[in-house]
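First comes one chain, alone, set out as structure tokens in the form predicted on its own.
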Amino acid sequence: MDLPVLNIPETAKEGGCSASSCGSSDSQVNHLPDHIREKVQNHPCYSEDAHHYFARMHVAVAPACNIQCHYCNRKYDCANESRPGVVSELLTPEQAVKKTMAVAAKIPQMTVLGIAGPGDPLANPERTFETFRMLTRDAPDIKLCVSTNGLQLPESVDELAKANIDHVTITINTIDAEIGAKIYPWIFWKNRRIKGRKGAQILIDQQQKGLEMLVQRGILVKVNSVMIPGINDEHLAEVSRTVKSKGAFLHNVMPLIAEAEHGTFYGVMGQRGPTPDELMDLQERCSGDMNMMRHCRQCRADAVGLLGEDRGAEFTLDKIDAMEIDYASAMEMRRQVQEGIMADMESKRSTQQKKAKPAVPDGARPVLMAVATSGQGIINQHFGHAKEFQIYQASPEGVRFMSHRKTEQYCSGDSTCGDAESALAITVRSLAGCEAVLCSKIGYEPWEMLEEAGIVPNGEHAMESIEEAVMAVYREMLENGKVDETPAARRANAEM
């Protein structure tokens, strides 16, 4: 089906990035018009570069939801879970503001406050907008965001604009009601529960209408889509084309979280999630039509800190009550820290722009590498301490971020690492498809297991820029003929 080309506002057309990344590269952010760059340059969800440096937080003030999704179970709580809908404490608007101010004082690089649940923020309009009103008054330097399923979005757009919301995320999993009926068993609409295809069509219509209204008001829209193999995976490229045509700024295709222990319908019924390769392939297919976000962590509804970490346990209500904070001094510290980060980012951006294209033979095949990092865009984490690895692709065209992979943390830094062997094996398996691992340090056992799996371990680039280190390792692999070998061939050679 040919999609109509709509009249997209200039903010949306100028705000786009190349197919390789928006939220994947600082170079694209640098080429945005000033009014768009100001909105995204320190937003960890809208800029891949910013997510290395700036933190976000979510406040859980919205308990009710107006749709049911087969992939969702909003249970309270398992502190070790990192998935949408999970929270430890439900907050009042007043408590949410108090928590936000405490986090802002203790984590000066926190720039973004979002409401994403545990239900749907726009199904809880009083609580949501009261929180935003107080934060606009008390913390005007913090960007405000909301994530919604979109059912109540058209009725809320005017209020969102009044509340100075610059960023809205809509979860759009389909534009086909037949597919929607397989994802959403019901919606609650105008005081009635509506099931099946009819309910799905209402949701789809509301989402598309709300998206258009937001773009018309100059509000940046990120679209989240959950990739569900066998349900909507072949359809999401069409979703991407459609939301782009209507002016969405960014598309985030996320993997289905379907472990049975979470108690979701899909989990209980055995619906599998996508493999890393399947997810990256779909993101590549969508990226031809839409700026792709690849660094999403599918955060809890009460997440605090950098993407990929969660410091929420440091800011429970009882701990906040015990804190003594000089807010005037803290706000000045925030300004200084954030100005320092922006200056550092600008310096790195200028340095990168001056560099010549990497001296790599044209036609060399691309290589995936896993990186252990705790932020700042450098290799600064021990292999055994990594809770996730960031995946980069090196090619003759340069280095680009592709995805992240969560893993088991098999080493806690002491003598009580538990069942290290099984956790380590899980970690190594999670890196399938990667041909090298870059970290600050690595032990003998994981080194051997990685080599047996055909993955080259490398601890020689500690505290170096990720992109520079990845390209240096890629050139070394080319010089040594390692790129000519496949991982399977390396495994076979290691076993000889």
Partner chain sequence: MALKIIESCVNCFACEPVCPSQAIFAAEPHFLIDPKKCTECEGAHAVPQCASICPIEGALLDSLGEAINPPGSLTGIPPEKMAQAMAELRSH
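Positions refer to the first chain, counted from 1. Given the structure is predicted, the values throughout are model-derived calculations rather than measurements.
Separately, the form predicted in complex with its partner chain exists; it is not shown, and the next lines address it.
Although the partner is absent here, Ile219 sits far enough away that none of its heavy atoms falls within 4.5 Å of its partner chain in the predicted complex. Among heavy atoms of Glu261, some come within 4.5 Å of its partner chain in the predicted complex.
Using a 4.5 Å cutoff between non-hydrogen atoms, Ala328 does not count as a contact of its partner chain in the predicted complex. Although the partner is absent here, Lys387 is not a contact residue: none of its heavy atoms lies within 4.5 angstroms of its partner chain in the predicted complex. Not one of Arg197, Lys244 and Arg285 is positioned with any heavy atom within 4.5 Å of its partner chain in the predicted complex. The listed set Arg311, Arg272, Arg133, Arg193 contains one residue whose heavy atoms approach its partner chain in the predicted complex to within 4.5 Å, identified as Arg193. For the residues Leu431, Val456, Cys65, Met449, the 4.5 Å heavy atom test against its partner chain in the predicted complex is passed only by Cys65. Heavy atoms within 4.5 Å of its partner chain in the predicted complex belong, among the stretches 392 to 400, 166 to 174, 272 to 280, 185 to 193, to residues of 185 to 193.
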